[in-house]
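What follows is a single chain, given as structure tokens, in the form predicted alone.
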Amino acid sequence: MAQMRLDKFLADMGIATRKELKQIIKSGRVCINGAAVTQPEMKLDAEKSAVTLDGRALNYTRYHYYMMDKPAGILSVTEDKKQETVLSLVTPEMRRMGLFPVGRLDKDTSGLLLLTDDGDFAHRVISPKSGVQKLYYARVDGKLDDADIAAFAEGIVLKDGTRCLPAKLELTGENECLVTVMEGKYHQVRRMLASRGAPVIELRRLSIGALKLDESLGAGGFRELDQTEIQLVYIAT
């Protein structure tokens, strides 16, 4: 791996703000290969160098990936002056990493939301060309039948003329269904169901690809993903 500055190494990990990092380093609290370092511009190999802060080993990770069980009523944006956002639910350390939501769940939709600082990963998950499936549970006010299943499979055309890609509709109970889409147009699942006379009462995303929401997180809960889980995103179910 190419050489990088010590302050960037620490900043990428969300250890502290840039201003705070300078003071931390200059105070001699950081060691590289057992030797205290006081210069923020000191270069190191992030993969091979042994870095410690106050004696605690730091293992460098350039990109970070988290899953969150987004609650209803929270915005899927990085910041908003008036309303609570998903980043207000995470730790200060995570906010300093520069995390952002991968796509959006609208304010009233709950469930699986990915947070990352990897733009290429986010683009691949969001792009319809990647064919990444997103599975939703919906409770609706209306009756759905085989004709609706066929319409979803063909590709719903919304009232404004927007054509949706073919999607899967599965009826799971009275006024309940599962919807699988491979794109994320504005309020798409809600608009698709409303176009078939079944407005949504409750909507929750359950999975992205083969990555399922960890229901043990609870509303607003989050955890980091391991490499195996990250790859599940690209696996069709």
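Source: prediction; values computed, not measured. Position 1 is the first residue in the sequence shown; the rest follow in order.
The next section is about a form of this same protein that is not shown, the form predicted together with a small molecule.
Proximity of residue 190 to the small molecule in the model of the complex: non-hydrogen atoms within 4.5 Å are present. Proximity of residue 84 to the small molecule in the model of the complex: non-hydrogen atoms within 4.5 Å are absent; the residue sits far from the partner. In the model of the complex, residue 203 approaches the small molecule with a heavy atom inside 4.5 Å.
Within 4.5 Å of any heavy atom of the small molecule in the model of the complex lies no heavy atom of residue 138.
Segments offered: 157 to 165, 86 to 94, 101 to 109, 122 to 130. Contacting the small molecule in the model of the complex at heavy atom distances within 4.5 Å is 101 to 109.
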